[in-house]
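The chain below stands alone, shown as structure tokens; this is the form predicted on its own.
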């Protein structure tokens, strides 16, 4: 089975500082991935690179076998940065349901 997201040789630099250095990873369908690391270790840069918000210095990302960035596939992705606000009076599930409903996603059971 083809990986839904494939990262090959991803490198990102800010000035002379290498943030991501030739990362490669094939995500498995149906698996939950957790990125753990201290502030400034490149977690957000990695995610932003996958969704096409960060330009790569080298390497590539494919989502559903489409090279990123691609406007058609990006319209099918969801991304919420840690800086974005959630409604504090709602539970995590309620926040997901609300923001999903804005995109036409049906309520979870």
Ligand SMILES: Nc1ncnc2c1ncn2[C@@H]1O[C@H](COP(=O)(O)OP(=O)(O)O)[C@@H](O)[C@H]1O
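Nothing here was measured: the structure is a model prediction, and the numbers come from that model. Positions refer to the first chain, counted from 1.
Separately, the form predicted in complex with the ligand exists; it is not shown, and the next lines address it.
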### Query
Given that the partner is absent here, does residue 43 sit within 4.5 Å of the ligand in the model of the complex, heavy atoms only?
yes
### Task
Mark residue 38 yes when one of its heavy atoms lies within 4.5 Å of a heavy atom of the ligand in the model of the complex, and no otherwise.
yes
### Message
With the partner left out here, check for me: in the model of the complex, does some heavy atom of residue 17 sit within 4.5 Å of the ligand?
### Response
yes
## Note on the structure
The stretch from 71-79, 26-34, 43-51, 56-64 that lies within 4.5 Å of the ligand in the model of the complex, judged by heavy atoms, is 43-51
